[in-house]
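One chain is shown next in C-alpha cells, namely the form predicted on its own.
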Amino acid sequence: MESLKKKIQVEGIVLSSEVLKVDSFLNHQMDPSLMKQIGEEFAKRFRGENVTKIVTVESSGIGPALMTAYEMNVPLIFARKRKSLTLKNDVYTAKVFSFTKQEETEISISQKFISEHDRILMIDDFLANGQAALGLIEIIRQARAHLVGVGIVIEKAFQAGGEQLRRRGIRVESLVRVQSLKDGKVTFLEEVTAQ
C-alpha cells in the first residue's frame, strides 16, 4: 500500500533496530484519510470470506479495525486489557506479553459477543513477535469461532510473529512488511527481494 509506505517514510521514526514509532498517524494520533484507505484495503483483501465480526486488541488496533468493520458492515469487538466493573463473568481470556511495554497483560472479551457461528477477521496495527495475535487466536478458539485471517497494518518481517502465524496455516495479510530498521532507515521487504 503505497500511501502507507510514504507515510512511514515521511513521519515514521526509527527508535532502534527493532522499534518503529508511527504515533503521528497510526497509534496515538490517527490520520482519518489513511485509516479509511486501510479499512477499504482490508475489506477488499478479505472480500468473499463471509466475515461476521472484526476482532482487535485495545487500543492501537481499534482505528484500522473500526474502519475495516465499517467497510465490511460488521461489528467490531476489541479485547480489553483491563478488567472493567461491567466485564466480570462469562469472559474469554488469554495472556499477552507486550514487547514494547515489556509486560504481560490479560486480555478479555465477553462471551456474549463471539460464538461458534462467527467468522472472525483479526485486525491489528503491528505484527512483531505475534503475542497479541496469539492471545486473540486463543480467545477465538475458546469461543469455537472460525478465524478467516489476520490483517496487519505494519508487519516487522524481521521478527518471528508473521512466520509463526503462517506456519500454523493462518492467512496473514500485511499492508506493509518492514524488512529492516537498521541504521535508522526503514527498508520494506519488497525492496530487498527486488534487488
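The shown structure was predicted, so the numbers you read here are calculated from the model rather than taken from an experiment. Residue numbers here begin at 1 and follow the sequence given.
Beyond what is shown, the protein has a form predicted in complex with another copy of the chain; the following relates to that form.
Visitor: Thinking of another copy of the chain in the predicted bound form, which stretch from 147-155, 25-33, 41-49, 128-136 has heavy atoms inside 4.5 Å of it?
Guide: Residues of 25-33 come within 4.5 Å of the partner.
Visitor: Might F97 be said to contact another copy of the chain in the predicted bound form, defining contact as any heavy atom within 4.5 Å?
Guide: Judged by the heavy-atom cut-off of 4.5 Å, F97 is well away from another copy of the chain in the predicted bound form.
Visitor: Heavy atoms within 4.5 Å of another copy of the chain in the predicted bound form: does G63 have any?
Guide: Judged by the heavy-atom cut-off of 4.5 Å, G63 is in contact with another copy of the chain in the predicted bound form.
Visitor: Heavy atom to heavy atom, is I140 within 4.5 Å of another copy of the chain in the predicted bound form?
Guide: So I140 does not count as contacting another copy of the chain.
Visitor: I'd like to know if I120 sits close to another copy of the chain in the predicted bound form, meaning any non-hydrogen atom pair within 4.5 angstroms.
Guide: So I120 does not count as contacting another copy of the chain.
Visitor: Identify whether another copy of the chain in the predicted bound form is within 4.5 Å of every residue in the set Q159, L165 and F188, based on non-hydrogen atoms.
Guide: Per the other structure, none of Q159, L165 and F188 touch another copy of the chain.
Visitor: Using the arrangement in the predicted bound form, list in sequence order the residues of 45-75 with any heavy atom within 4.5 angstroms of another copy of the chain.
Guide: The stretch 45-75, when checked against another copy of the chain in the predicted bound form, contributes K53, E58, S59, S60, I62, G63, L66, M67, A69, Y70, N73, V74, P75 at the 4.5 Å heavy-atom cut-off.
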